[in-house]
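First comes one chain, alone, set out as structure tokens in the form predicted on its own.
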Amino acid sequence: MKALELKNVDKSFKKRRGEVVRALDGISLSVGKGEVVGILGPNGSGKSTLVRVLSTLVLPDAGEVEVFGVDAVRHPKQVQRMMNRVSVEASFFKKLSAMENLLYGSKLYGVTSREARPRIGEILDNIGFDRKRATEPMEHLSRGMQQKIALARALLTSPVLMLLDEPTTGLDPRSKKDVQAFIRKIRTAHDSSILLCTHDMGEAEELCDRVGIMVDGKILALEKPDELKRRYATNGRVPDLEETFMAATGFSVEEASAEKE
């Protein structure tokens, strides 16, 4: 059984001027149990819409979405219990402390404060977060520290499927390495299946078993990083992942993002 399977998923949105934008265009992909699959794409490629559909925040217009064999459209509550999502726009109660936010999150999943506190301490240590800072209001923490708390919150329930939408965007190099190391640890310790949406080529190559390239709501290719790069080899030279992205799309990630602005 696949951890995640999508078949021919479409999603369109209507803009104010009546223009229809097709955010997902016939998306089909799967994530095996314990596998990390990365989706590379610029801003506006459809990555965040894909994550919202998978997390049942947005209904697809067409197609099938299954999580461990359960229809996500028909049984969203059942699917939500098996997954958690970390996005670049993670929201918090900014006046409350990091610890208060985490304890509140645990209660939503039926975990008491007494049970949650040792688990929270362990997670904070693993992601390189100073426990002393956990008593400070979220609004006093840096963007990188807030993102670590978002990751910690997602891990409180030990989800079997993690949806990571640009989890290290805006982080300083040290925080980025801490988060990436913890993602590897999650996968090893919990056999979690992970879908990672990113525009960081190095992150995708380092963390993912397979990497897909997504542009204009379509996945152009989805293969092991080395196989993907070999597909675009020229004159015996195998390109790096950024060059592979450019060969597949005709743009660099920055240029493709600019096209969407």
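These figures come from a predicted structure and were not determined experimentally. Just count from 1 along the sequence shown to find any residue number.
Omitted from view is the form predicted together with a small molecule, to which the following refers.
**Student:** Given that the partner is absent here, state which listed stretch (60 to 68, 26 to 34, 40 to 48, 221 to 229) has heavy atoms within 4.5 Å of the small molecule in the model of the complex.
**Tutor:** Among the listed stretches, the partner-contacting one is 40 to 48.
**Student:** Would you classify residue 237 as touching the small molecule in the model of the complex, given a 4.5 Å non-hydrogen atom cut-off?
**Tutor:** So residue 237 does not count as contacting the small molecule.
**Student:** Heavy atom to heavy atom, is residue 21 within 4.5 Å of the small molecule in the model of the complex?
**Tutor:** Yes, residue 21 sits close enough to the small molecule in the model of the complex that at least one of its heavy atoms falls within 4.5 Å.
**Student:** Any of the heavy atoms of residue 210 lying within 4.5 Å of the small molecule in the model of the complex?
**Tutor:** Result no; residue 210 lies far from the small molecule in the model of the complex.
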